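Two separate entries follow, structure 1 and structure 2, each one form of the same protein chain as structure tokens.
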Structure 1
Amino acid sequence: MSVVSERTRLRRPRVAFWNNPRVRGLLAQALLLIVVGWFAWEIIDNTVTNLQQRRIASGYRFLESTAGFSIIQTLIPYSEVSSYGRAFIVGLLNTLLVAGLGIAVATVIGFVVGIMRLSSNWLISRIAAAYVEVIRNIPLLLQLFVWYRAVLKAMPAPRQSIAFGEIAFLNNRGLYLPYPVFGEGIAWVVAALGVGIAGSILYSAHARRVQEETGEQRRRLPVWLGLLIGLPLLAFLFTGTDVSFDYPALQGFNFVGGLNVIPEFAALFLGLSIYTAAFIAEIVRAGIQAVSRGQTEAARALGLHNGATLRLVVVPQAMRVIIPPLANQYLNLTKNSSLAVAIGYPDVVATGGTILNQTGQAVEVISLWMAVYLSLSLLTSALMNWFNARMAYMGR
């Protein structure tokens, strides 16, 4: 009798399937999957039907056709007889160039201004505060117009250029600089630089491991300078690589030769860097203020001066707070570079827009834009997450 009662007590009560949370969850997910699939099918079917009605061919074969238009800035060989695919790659490289340089410069300016805001000097802190409050409250598109129309395009004509020692010239068509031309041995110098970068990374990992195991701090700066500068310099001297410069010269109504930094690139680079730096400065300020004041007092009690306290104690701990929002600003800068189309810089959106207008392949071009920016965002997020994990581990 007692055994039957125990089995009865342990027997799981039978409930209807609609009251089972697990079954309801599976049904909800299946229903959501059906709705999403139906929605995607409707979009694809509607797109295909409209393309067929307008007799527009689908696919990406148009990328092999001749582009027939020129691009004012190209990092790889390109001409009007190149293909649409190559034109799109030129625009993508231009986007990567301005985004990469913009991220580097915005980070430097942001860290300097963020630290300036915490300065005990009244004038320095107020200058930093004014920079942040003014820049971040003005739309980026307006700032781009100011840099392009009111500053760079207002420069004198080529014949009245501002000369810097007769080797560099600034006018309304951009900045002209001497362009270095290397001899055949440059490949060995580049290889030596690659070896130096790899050696620096390996030595840094070794020095970090030694410090974690023994507490001994190895000097890294002399080793880095030797590997990154000394090794390529030795390769340059031993291979006897020839270096000459192509200087810009005024011929007719414009300069020829040299390296030309076009005003469209300069305006976009300055606008993105200065605008994003204002937000990074606030992130840096908040990150430093998040570090306990006791850490600063302990460092000073050990005899560290203000610079060493900030560099060795405060900033490494603040980085754990700074890195996550910093990654968001890097993503914003990359995506904001699409505003280049407003001032005529040939980024991936501008070149893609020209391709779209000439071919009518709107769906394909938009899908390429989406793939490019999604890939850049995921890559940036992965790199910053990796860096954040390393900083968090080092801070323990």
Structure 2
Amino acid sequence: MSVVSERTRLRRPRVAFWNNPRVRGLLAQALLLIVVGWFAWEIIDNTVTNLQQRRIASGYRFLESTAGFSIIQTLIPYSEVSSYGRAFIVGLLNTLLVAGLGIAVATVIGFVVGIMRLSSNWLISRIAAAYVEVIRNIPLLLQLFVWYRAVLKAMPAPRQSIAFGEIAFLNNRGLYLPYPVFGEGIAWVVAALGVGIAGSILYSAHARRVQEETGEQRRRLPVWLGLLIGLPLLAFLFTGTDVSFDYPALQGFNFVGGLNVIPEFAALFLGLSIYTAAFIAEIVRAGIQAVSRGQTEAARALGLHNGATLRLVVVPQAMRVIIPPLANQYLNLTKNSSLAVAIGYPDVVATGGTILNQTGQAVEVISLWMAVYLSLSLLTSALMNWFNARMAYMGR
């Protein structure tokens, strides 16, 4: 016993615990945590006290009361008698819709323009350069106003609508399209599509394993087509589901029925995707230029065509550079969609703002906004980090 302690003493000179770097580190962190916690508690307590003193109602109960206002675009059933909570969710879904579609389209435009900028064709690269420089140097809000006014100005009144074969109409109330109405068997079709998606993923994994083990390439496209289109089609034919279309028709002031793409959505969607695409184009260009020239030359030496060089050699390597800043652009696009409030698109900020004003519950509504944008950002980051890890260089 004494021998052991003698040894330890020899190996590590005994120090007072407050001089032990490990203990000190922990202690400092604990202190910091206490101070931060205290600060947060103080702010919350202060807010609650102030709200009570000024007799401002607080709490989240208001979310259950009747909203009483209408919203122009709702993806879920909503009316004036729905609750504030539901109105908030309507706004949230509208944000997700415009952000999701905006991200998809901005990515496509961004990649095309980014690659165009590197084209050896003088005209093509100049057009891409002009696009990038013009779009990214004008504030997004101004672009939204321009889009909104331009979209509206160019459109005729409902009675003078531009008609596309009497089934689709374009006017200053938006684009009216036929809306498909499905019979009861549609559940089977949806289920078949689900099975198809799952099957495709499983088959892809299987095909990759086969290729890695034997080098044999399986044909994937026919199988995918069969699973994703054939299977739902079969289900559709067998269940005999009837599909009818709800056509828009001019009735009184406006068109009634059909699917209405409102100008506010169109303007926001165009503005966001075109603006973000300019930044994505620069990221793509930088990513491609980061791949060393030797890679292209090596691909050429192997006899690969231009397209194959880009697709198989350059872009996969460029992706590693592209993905992290791309994630930033996706976050920016989502957050920028809050400018919707300026052109009357009912996103989560616009509907939340209305709720805030009708109820006066500023603290609560702002906390909900913070929660929404924080979750969206963290979710986007998590997805992109996962994607980044997948695309990372794997040494063999």
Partner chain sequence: MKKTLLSLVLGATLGLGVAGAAAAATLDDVKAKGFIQCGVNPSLPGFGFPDDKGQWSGLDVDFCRAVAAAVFGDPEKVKYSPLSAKERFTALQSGEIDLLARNSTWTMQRDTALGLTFAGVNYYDGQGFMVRKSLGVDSALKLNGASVCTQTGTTTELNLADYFRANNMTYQVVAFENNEEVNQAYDSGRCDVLTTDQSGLYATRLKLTNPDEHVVLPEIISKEPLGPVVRQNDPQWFNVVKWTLFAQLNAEELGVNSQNVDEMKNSTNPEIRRLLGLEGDFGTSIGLSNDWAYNVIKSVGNYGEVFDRNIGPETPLKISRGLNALWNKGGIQYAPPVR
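Numbers given to residues start at 1 and step along the sequence of structure 1. Heads up, when I say rigid core I mean the largest set of C-alphas that superpose within 1.5 Å between the two forms. Remember, predicted model here, so these are calculated numbers, not experimental data.
Q: Quick check on the two chains I just loaded: which one is the form predicted together with the partner chain, 1 or 2?
A: Form predicted together with the partner chain: structure 2.
Q: Relative to the larger rigid part, how many degrees does the smaller part rotate between the two structures?
A: The computed domain rotation is 6 degrees.
Q: Using a rigid core fit, what is the CA shift at Q29 between the two structures, in angstrom?
A: Comparing the two forms, Q29 shifts 4.1 Å at C-alpha.
Q: For I43, give the CA shift between the two structures in Å, the superposition being done on the rigid core.
A: A shift of 2.3 Å.
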